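Before any questions on how it binds or moves, here is one chain, the form predicted on its own, in structure tokens.
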Amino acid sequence: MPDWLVIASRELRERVRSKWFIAVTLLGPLLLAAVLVLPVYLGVKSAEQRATVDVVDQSGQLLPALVEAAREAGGHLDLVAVDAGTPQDELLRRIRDKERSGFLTLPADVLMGGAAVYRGDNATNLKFAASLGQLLNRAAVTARGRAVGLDAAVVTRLVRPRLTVAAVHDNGTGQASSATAAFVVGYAVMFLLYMAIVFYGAAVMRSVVAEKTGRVVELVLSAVSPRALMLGKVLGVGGVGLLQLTTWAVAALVLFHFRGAVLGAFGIAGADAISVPLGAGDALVVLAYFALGFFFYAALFAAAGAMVASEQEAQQVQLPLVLLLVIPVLCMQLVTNDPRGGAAEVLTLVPFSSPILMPMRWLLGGATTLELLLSLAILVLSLLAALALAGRIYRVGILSYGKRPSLRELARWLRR
């Protein structure tokens, strides 16, 4: 076997046999199932909870229409009229004693644009706040219509039925999917790739630093070349990450395929009707970008580890590399807001950001097959260049002790 393959095999076996690796790999599918089930289950249960709200109508006009709108909406909101002169301390006491969820104050000029104020223990529930706002606007239309003498039947026809928008993600191919599902899957893939590359890239650097500070590397280099040692470490640790991510990807495909049965076991129906943009081809794209992105960054982490002489210095050196990964995460909205835009296209071609953002853009349908292949080609060429440059730094730095090299010394290492 080649030297680099022997080292890669050793790094792979050492990490795969770890109890922590086995535990995390097996717990991954359970966490994926929890991520799939828990938000939906909590959302359904939250929608079923009733809320009792006191209403202080200082305008004397809006409350009847608001009660009528809440009843017609068929929600889980009970409105209780209270006298406009009720002290605020009493209203707060009812919230504190859990007699009410909160109280809504309608000022005298509410129909002229005055701001209604809601105070309650569920004010952080954005869905509840949005529903309450819709009911207020509907009630305002009804009250204004009656104020100008419109017939009640006419007012009813104006405010009913309530219109809703079903957002469907489609790039003109006819392959539609739920917009929310497309965003959630794309975001989850982006976050998982970011965490995996940072975690396993840092593992490569820590391994290099540990062998260098323990002087073990001096013995190893008596049998293999520095380039073979670096390549073996990168491939070995990368193989561990690829194995773990592949296991999770297969589990995710199975869970999404049987999502109806999984959610049905918790009494949640209708999951099969939600189109989720995730297939076997998409999983291969994710794995390809993880492998190439990891090897690209791992080479840089290995070179950084060879430059330092302690774990403390390694933490300082890895900061710029981590920032290179954080920047694409901060630019995520440029891709999600316009997957086919110019900014998204540039970010998914640059090798420092394409491993993080291109899988998300692909899942959102913003990239063509040609753009995907071009991005992969640029990433492969960048990977080869990174391995060559990192190999030169690693060859000299792995046996250098003392202070960290200056920029001039690094340039000299790269030239030789």
Partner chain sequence: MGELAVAVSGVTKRYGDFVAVDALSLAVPRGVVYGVLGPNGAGKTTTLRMINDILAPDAGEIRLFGALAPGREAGRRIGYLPEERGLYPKMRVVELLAFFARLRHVPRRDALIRADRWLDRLELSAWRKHAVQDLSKGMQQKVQFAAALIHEPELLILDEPWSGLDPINADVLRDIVLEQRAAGRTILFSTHQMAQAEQICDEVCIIARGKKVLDGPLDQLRRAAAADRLVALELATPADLAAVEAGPLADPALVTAVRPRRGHVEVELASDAAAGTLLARLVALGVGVRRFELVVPTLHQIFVDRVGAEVAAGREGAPDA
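Residue numbers count along the first chain shown, from 1. The structure presented is a predicted model; accordingly, all values stated were derived computationally and were not measured.
Separately, the form predicted together with the partner chain exists; it is not shown, and the next lines address it.
Q: Looking at 120 to 128, 210 to 218, 341 to 349, 318 to 326, which one sits within 4.5 Å of the partner chain in the predicted bound form if you count heavy atoms only?
A: Looking at the partner contacts, the answer comes out as 210 to 218.
Q: Would you check, heavy atoms only and a 4.5 Å threshold, whether Glu409 touches the partner chain in the predicted bound form?
A: Close contact is absent here: in the predicted bound form, Glu409 is far from the partner chain, nothing within 4.5 Å, heavy atoms only.
Q: Please tell me whether any heavy atom belonging to Leu399 falls inside 4.5 Å of a heavy atom of the partner chain, as the geometry stands in the predicted bound form.
A: Yes, contact at 4.5 Å.
Q: Please check if Ala280 has a heavy atom lying within 4.5 Å of any heavy atom of the partner chain in the predicted bound form.
A: Outside the cut-off, so no.
Q: With the partner left out of view, is Ala84 within 4.5 angstroms of the partner chain in the predicted bound form by any non-hydrogen atom?
A: Output for Ala84 is no: heavy atoms all beyond 4.5 Å of the partner chain.
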